[in-house]
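Here's a solo chain for you in structure tokens, the form predicted alone.
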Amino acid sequence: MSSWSNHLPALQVIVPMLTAPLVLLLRPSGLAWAATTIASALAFAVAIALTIGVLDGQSFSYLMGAWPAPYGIELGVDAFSALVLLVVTGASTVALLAGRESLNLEIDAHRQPMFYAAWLLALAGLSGIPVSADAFNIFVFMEISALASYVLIAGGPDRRALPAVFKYLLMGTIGATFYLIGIGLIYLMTGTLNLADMELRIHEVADLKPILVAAGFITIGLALKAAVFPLHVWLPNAYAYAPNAVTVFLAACSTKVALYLLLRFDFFVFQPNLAGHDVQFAYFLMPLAALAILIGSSVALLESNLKRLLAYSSIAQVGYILLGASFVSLSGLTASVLHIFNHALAKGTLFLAVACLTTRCSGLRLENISGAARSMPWTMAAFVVAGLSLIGIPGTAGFISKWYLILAALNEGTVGIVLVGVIVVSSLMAVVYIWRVVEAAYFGDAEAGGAAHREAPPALLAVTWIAALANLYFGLSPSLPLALSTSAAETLMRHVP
């Protein structure tokens, strides 16, 4: 490994974190956007370099201050964290490139440097969680990203974002507190905060009841962060009332990072040490995942606000990810990790198309976009492509992960057949709620709906179509995310007795 690549895990966090205070000093606001976008693009480049290294078989470990683990803070990157880093940094970069015009309209010029500084802190926190191998350090990054996310969601002109953020803050604080309680119990019993060291030292603990209690606290805390049903109540309004670029960023990656941490902690720390925990994990998550899939999709059928419709769809998609993980099998985890990547692609593109619609339509209710496809054909075509991926139509990225999920479910016997039925029914529901949008835009009365008379801005539309084409590319050539997902699943399963 070359000397410069040794520092890539640290650079993943340092680049956005050190740029954040500099952005505060930049005037005019266009410079703040440019610096933020460059820092995000550099973080994306670092994530790509890490991914290439992981695929080449390299091992990334960085000791902060040259203190050896477990006494010092360790950073590390494997296939699972590399995939999550691609999602986080890619979503941030795409959202910034697409959102310049809308953010100029939504955020006052004098507040933009502070807003972009918060964006970089959110990026640093969300990137720091996958690279950190220290449980308390993860908590620090979790709080950095959460506090910055509250600022981003409340930063727009819609005052309804304030009660949404307050609910998000309450739920997020409870989740973080539960996580910290769990970490405290494990530290009390093992005397270490390093995840790899925890796995080894728990073997030496005579009484495992505090560890089991810690598993409960950590699982519930991270489920709150990941909007796992029924702990999802903060998510719909947070997505609906945030600035459009913020929704693109957070919808693509924030819950995925919490799910990453939930799987990492459970499979690295608890599965190897708690007898029968794999069964407990499956019995706890499998019914919640099935309910999330069905109820999230059902509520989306009834929503007339486009952003809330897609937010409830995200709750169902979180259910797909948890369903694959609940099988505690190589095929299930492969499908689960793969869907983290593919859902980020589909949902990010859908919210980009929504951002296009907001530039020309009077609102985001279905009646507001009635007939919009006649004057915004490229925008609605991108929405349709991403919608097909969300449904899981062959040739799109969403089909690949749903297919792998169905194959994994079929290995589970009778229960698996029932779960395949759940997946199929939910996909049919997705057809209906995506069709409701398509029907309004293509067949609605443009005059009654007050829809647009011209296409979205070229820069925003170009980024939206790049994301839409990525859904097709990774549907036809899924080797990159599939290789990362398979390697991540193998790494997780190596810790299961």
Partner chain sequence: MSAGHTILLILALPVAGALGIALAGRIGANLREAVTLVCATALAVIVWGLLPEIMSGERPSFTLAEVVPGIDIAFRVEPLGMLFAALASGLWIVNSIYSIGYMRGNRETKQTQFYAFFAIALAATMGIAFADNLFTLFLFYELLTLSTYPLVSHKGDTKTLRSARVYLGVLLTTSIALLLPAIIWTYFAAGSGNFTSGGILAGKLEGPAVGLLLGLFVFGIGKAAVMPVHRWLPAAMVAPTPVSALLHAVAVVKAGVFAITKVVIYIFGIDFLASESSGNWMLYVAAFTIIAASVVALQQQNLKRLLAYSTIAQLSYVVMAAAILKPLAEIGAALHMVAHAFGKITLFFAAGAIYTAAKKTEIHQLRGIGRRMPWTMAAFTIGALSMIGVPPTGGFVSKWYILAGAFDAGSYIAVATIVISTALNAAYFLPIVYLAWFARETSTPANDHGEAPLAAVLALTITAALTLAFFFFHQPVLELATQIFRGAP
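Remember, predicted model here, so these are calculated numbers, not experimental data. Positions refer to the first chain, counted from 1.
Below, we turn to the form predicted in complex with its partner chain, even though it does not appear here.
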property: Tyr442, heavy atom within 4.5 angstroms of its partner chain in the model of the complex; result: yes
property: Phe399 within 4.5 Å of its partner chain in the model of the complex, heavy atoms; result: yes
property: Contact flag, Gly395 vs its partner chain in the model of the complex, heavy atom cut 4.5 Å; result: yes
property: Non-hydrogen atom contact Phe115 with its partner chain in the model of the complex at 4.5 angstroms; result: no
property: Heavy atom within 4.5 Å of its partner chain in the model of the complex - residue from Ile315, Ile138, Ile391, Ala215; result: Ile391
property: The single option of Leu291, Leu208, Ile406, Ala148 touching its partner chain in the model of the complex, heavy atom within 4.5 Å; result: Ile406
property: Non-hydrogen atom within 4.5 Å of its partner chain in the model of the complex for each of Met17, Tyr62 and Arg159; result: no
property: Location of its partner chain contact in the model of the complex, chosen stretch of 32 to 40, 51 to 59, 424 to 432, 460 to 468 [non-hydrogen atom, 4.5 Å]; result: 424 to 432
property: Heavy atom within 4.5 Å of its partner chain in the model of the complex - qualifying residues of 269 to 289; result: none
